[in-house]
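Just one chain is shown here, as structure tokens, and it is the form predicted on its own.
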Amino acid sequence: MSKVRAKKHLGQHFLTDIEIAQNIAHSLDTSRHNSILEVGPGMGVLTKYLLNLDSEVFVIEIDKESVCYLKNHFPKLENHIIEGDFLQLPIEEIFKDKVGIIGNFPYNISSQILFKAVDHKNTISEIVGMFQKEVAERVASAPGKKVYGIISVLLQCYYDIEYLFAVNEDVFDPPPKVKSAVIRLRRNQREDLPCDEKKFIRTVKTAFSMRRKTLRNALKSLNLVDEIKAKKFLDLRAEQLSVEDFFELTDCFE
């Protein structure tokens, strides 16, 4: 098999630019984890550079044609290819220590991949990946920007996020209809939130559900119990609050 056919229903757009693949692989800090898991390796354009790093490399691939290609072209991956869906992967059962996640992620499930990382934040110490540019900008956004939203706040609780570089459409086969970008997420030192996590998530989601309104109006459905403490936030909009502001705001509601 000389080439894998890209499948639309899997969101496959194979990276063809060698220099970009090298840059992505070298963006990983292998001192942060003992293993690397590449999500959706396709034909291994990124994999071959990962195998030169000082870490044990695993790949997870849902496409049977790609799995066959990888087995034929990358003998070093013997017993390190996981056939299946990353979103269903029991990460802690496979990786007993820290793991870095990397990939040219399928755009149709990229947000789900990031939220899975939050669910496994104590095992996933770093993520380096290619995303739709709009998603990458949203994830890495600072407060005060229009693209700052729910995913920005929830990920920035546990990860320090860097926007690394943008990527044009013409370096993929087939070319996607959107621009792409690479970002890096590194686990920060926060072990626990200074407020109830479920209440925090509910507060953030409710605040952004009506992002054009002030928080006084957007949060009416929640029971405000400390108006004095909340007063400095109520005339602001959700996009103006930092992660730490949302921690403080959460404690103002029942």
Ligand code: SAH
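So that there is no doubt, residue numbering starts at 1 and follows the sequence shown. Note that the structure is a prediction, hence the values are computed from the model and not measured.
The following text describes the form predicted in complex with the ligand, which does not appear among the structures shown.
Put simply, of E134, E169, D85, E162 only one has a heavy atom within 4.5 Å of the ligand in the model of the complex, and it is D85. Checked against the ligand in the model of the complex, the candidates V45, L28, L51, C195 yield a single residue with a heavy atom inside 4.5 Å, and that residue is V45. Note on the interface: of 148-156, 176-184, 118-126, 85-93, the segment with non-hydrogen atoms within 4.5 angstroms of the ligand in the model of the complex is 85-93. In the model of the complex, the ligand sits within 4.5 Å of a heavy atom belonging to F14. Looking at A218, you'd find every heavy atom of it more than 4.5 angstroms from the ligand in the model of the complex. Taking the partner from the other structure, the ligand in the model of the complex has no heavy atom within 4.5 Å of any heavy atom of P143. At a distance threshold of 4.5 angstroms between non-hydrogen atoms, V57 is out of contact with the ligand in the model of the complex. In the model of the complex, P106, I109 are the residues of 106-141 with at least one heavy atom within 4.5 Å of the ligand, listed from first to last.
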